[in-house]
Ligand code: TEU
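Encoded as structure tokens, the following chain is the form predicted on its own, with no partner shown.
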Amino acid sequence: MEWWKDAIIYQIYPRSFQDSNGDGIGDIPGIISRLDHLQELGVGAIWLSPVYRSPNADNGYDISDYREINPEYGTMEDMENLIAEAGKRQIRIIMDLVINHTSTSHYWFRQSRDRTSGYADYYYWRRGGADGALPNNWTGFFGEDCWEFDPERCEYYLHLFAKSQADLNYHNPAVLEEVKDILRFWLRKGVAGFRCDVINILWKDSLENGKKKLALTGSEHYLSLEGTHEILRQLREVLDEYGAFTVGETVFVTPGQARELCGRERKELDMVFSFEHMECDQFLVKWLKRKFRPKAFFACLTKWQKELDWNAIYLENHDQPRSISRFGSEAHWKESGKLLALLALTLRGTPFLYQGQEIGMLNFDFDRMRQLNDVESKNVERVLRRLHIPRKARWRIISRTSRDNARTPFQWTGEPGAGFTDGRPWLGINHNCEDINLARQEQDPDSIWNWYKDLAALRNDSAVLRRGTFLPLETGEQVFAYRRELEGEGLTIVLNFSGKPARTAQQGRVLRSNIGRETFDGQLAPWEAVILQ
């Protein structure tokens, strides 16, 4: 049963969702205490960012034990309770599967330092070149070289991400067997599937030098190679034993490559997170921003809607800035927030909402580097400093792109601690929590929160929105219009991505309007979004 085609999936970043014990860090009991919020929203599944044991160099994406819970988040009993309590509300749990790399604190890595151990080639170890040269010229995802010297083994190990995240070597069949056992461990506990972190880079075909590029030199040796497809097919055999679901985070994929990863006949993934629509406001790399161009955004969304039968739909996650700050307008916060909600919940595919999106949370209001926690942001800042970029310019780049924009704690109330914690939060809370918070929006029938609830209920009740085809109608400079159709029924969605009025040729009876209009004459107000019958 393809339940995931009918579900709305909600991502929780555990550190920032709800603290239950006053230590300033979100935890699993805190998540359990907020399950009724997700049930009220109409969520069918939770994607849980990593809660495994970890030294937190990258906030849980550096795993030191896949079968233990990070004590900061609670216990295995708490995790089992979460699965059970979510199940009582017909909410499934999807774990975050991080298997490109492990923490260098993991038992496997510690043992691999011994060249005579059974773990010696669980990772990519290489000697350096003459005169201390690195094993190759590759560069990593966090803006730095991707080889680190280990004095105990007297060799370098490969890390495409932070230096404490060593890449696993899938040329050793034992590594894949370990991963299969991890899948079975969690599936037996009742999880419904996995979100697979950077899953299309598992297989490295060689460690030769790469063609020099502005970023990710060497990526031709690991992006979406046949070896990765074979790994995914083997993992699917285990997943199918439990009827489990998978969505893959897939970097730099084209629609054709995405079809190869999630075509039903290939038995690899069920869907992917693609990134092209997230690159419409950048030059080459994410840190070089340019003005957001709605027309390019519309064209990208349309291309992926047409070329893939089904895919993951998202505008926010733990790695991306907040969507209103990025694609909407903070000056027109409510209207553009509602417009983006309507877009996310009416495209064809499975919608993924990120915590705080449903109340219109914005980018952080920090003003200096020392307020950040994100390892990627700190690495990029060091690179920019080496390039002699002035401090103000460095901050302008980092503040627009930092992953911490999406990681500030959830704003439950306008009180000190924002209802997130009674203690000192691990990351600063946005001062706008006095105005943007769930408690206030629950009392306002016209709030972003109540709009999300209404749209989610509409989608859950509408076969047209859940399973209908996608037909593009307009992709102009500021107006995006498309139609969803199923068995003779149809809905037309019209969105004005601008602070200026616009006109559309679309007509129909108003089913939903983010500005509360009851009739439609083709004139669109700034940031207006409508569903027409």
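Note that this is a predicted model, so its numbers are computed, not measured. Note that residue numbering begins at 1 and tracks the sequence as displayed.
The protein also exists as the form predicted together with the ligand; that form is not presented, and the subsequent description refers to it.
- Heavy atoms within 4.5 Å of the ligand in the model of the complex map, among the stretches 234-242, 67-75, 197-205, 106-114, onto 197-205 alone.
- Using a 4.5 angstroms heavy atom cutoff to the ligand in the model of the complex, none of 322, 410 and 434 count as contacting.
- Residue 61 belongs to the set of residues with a heavy atom inside 4.5 Å of the ligand in the model of the complex.
- In the model of the complex, the ligand sits within 4.5 Å of a heavy atom of residue 141.
- Residue contact check for residue 101: one or more of its heavy atoms lie within 4.5 Å of the ligand in the model of the complex.
- Residue contact check for residue 275: one or more of its heavy atoms lie within 4.5 Å of the ligand in the model of the complex.
- Scanning 451, 170, 161, 125 against the ligand in the model of the complex with a 4.5 Å heavy atom cut-off leaves one residue, 161.
- Proximity to the ligand in the model of the complex, taken as a non-hydrogen atom within 4.5 angstroms, holds for one residue of 318, 92, 348, 326, which is 318.
- Taking the ligand as it sits in the model of the complex, the stretch 248-272 comes within 4.5 angstroms of it through a non-hydrogen atom at 249, 251.
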